[in-house]
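One chain is shown next in structure tokens, namely the form predicted alone.
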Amino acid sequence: MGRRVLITGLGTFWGGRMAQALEQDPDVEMIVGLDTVTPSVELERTEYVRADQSYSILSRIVRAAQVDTIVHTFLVVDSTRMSGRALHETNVIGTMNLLAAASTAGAPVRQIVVKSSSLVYGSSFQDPVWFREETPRTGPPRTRIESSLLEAEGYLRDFAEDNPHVVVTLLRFANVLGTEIVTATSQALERQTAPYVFGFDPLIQFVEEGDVVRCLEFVTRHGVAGIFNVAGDGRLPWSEVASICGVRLLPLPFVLTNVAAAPLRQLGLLDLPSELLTLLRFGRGIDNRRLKDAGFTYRYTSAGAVENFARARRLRRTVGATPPEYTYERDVEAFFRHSPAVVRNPEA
């Protein structure tokens, strides 16, 4: 019997694309995806189940579908997306329910992959040049997003210690840029002007969106256990990032930066959450060697990710809007999957 995979956050960018990647793997027999919203990409053999933010139904699905692999892509890494209460419900309670489902007596789960963020390291003038996976923060968490991610990771570490028979993988991704993904950073760089904190030009590290999906697929397929930083080689000054993207920099005061940014947010001129405004002071670097040693090869450096994003940005401005986004409809999907009118193998 092949792999039986459950993906949380199927309606997110990462969940949908991970499902598409696994659909191409002949060793994966079944894929089921959970989310509070419908998928945003076209899927052929992935089953979608609507869930609440805390994934309270997850335990029943794990048992019913005999899930052996869980890929958790639903951790929120942008504090502007939801309120503090909803953020805690999603990141902390959702992760607790996932781990509870995997640890019940007789549970079939043998692998868990969790997509987290380098936000867990924070950003401070006291930071080392490069954070290794075991390097602690230099101070307590300053934002609710950091606190929720740290709490979720704590539960995951406890689970791994108590369940040595389960392969547990924790991936901490740097800031993502790509041709399709929309993040707070990419939104800032899509405008004519991007913010910077006066007197600071931090070194920023990126990972390209395709490398994110390839990394998730790599550790899932090969059963790679442990904690891994995921980022392209090198770092770039924020001023150079803006220059590559053809964006002018808008200064923010180095004192009370978040207060000064509030009116810009209200006017729709600034989308950066507070944790990224902190990053624009001190930057962050994460050591990516452990994942390389495990056999993963990056296609893009940090500079390559920025240049790839800049090319796509110029193309969008030249060609115009992208095609309409795919909308999931259960009846349509049922037709393509089960109707005898659909030719399954045209070359047969």
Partner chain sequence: MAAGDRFVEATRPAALVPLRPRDAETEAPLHDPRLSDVDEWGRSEHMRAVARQIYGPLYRQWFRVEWQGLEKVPTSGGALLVANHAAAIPSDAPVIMHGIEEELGRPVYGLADHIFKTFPVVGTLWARLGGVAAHPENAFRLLREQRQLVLVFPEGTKGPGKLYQDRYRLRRFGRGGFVEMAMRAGVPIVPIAVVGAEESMPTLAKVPALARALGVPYVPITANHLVFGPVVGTLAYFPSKFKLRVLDPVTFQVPPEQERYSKSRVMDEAESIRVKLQDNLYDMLRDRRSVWFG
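Since the structure is predicted, the reported quantities are computational estimates derived from the model, not experimental observations. Numbering follows the first chain given and starts at 1.
Omitted here: the form predicted in complex with its partner chain. The next part is about that form.
- Although the partner is absent from the chain shown here, 223, 293 and 303 each have a heavy atom within 4.5 Å of its partner chain in the predicted complex.
- Only one of 89, 127, 190, 217 comes within 4.5 Å of its partner chain in the predicted complex through a heavy atom, and that residue is 127.
- Between its partner chain and the residues 29, 52, 42, 307, the one pair within 4.5 Å by heavy atoms in the predicted complex involves 307.
- Contact with its partner chain in the predicted complex, judged as any non-hydrogen atom within 4.5 angstroms, is confined among 176 to 184, 70 to 78, 89 to 97, 114 to 122 to 114 to 122.
- In the predicted complex, residue 48 stays away from its partner chain, with no heavy atom inside 4.5 Å.
- Not displayed here, its partner chain is kept clear of residue 85 by more than 4.5 Å at the level of heavy atoms in the predicted complex.
- Not displayed here, its partner chain is approached by residue 153 to within 4.5 Å at the level of heavy atoms in the predicted complex.
- Its partner chain in the predicted complex is not approached by residue 109, whose heavy atoms all lie more than 4.5 angstroms from it.
- In the predicted complex, its partner chain lies within 4.5 angstroms of at least one heavy atom of each of the following residues of 153 to 169: 153, 156, 157, 160, 161, 167, 168, in sequence order.
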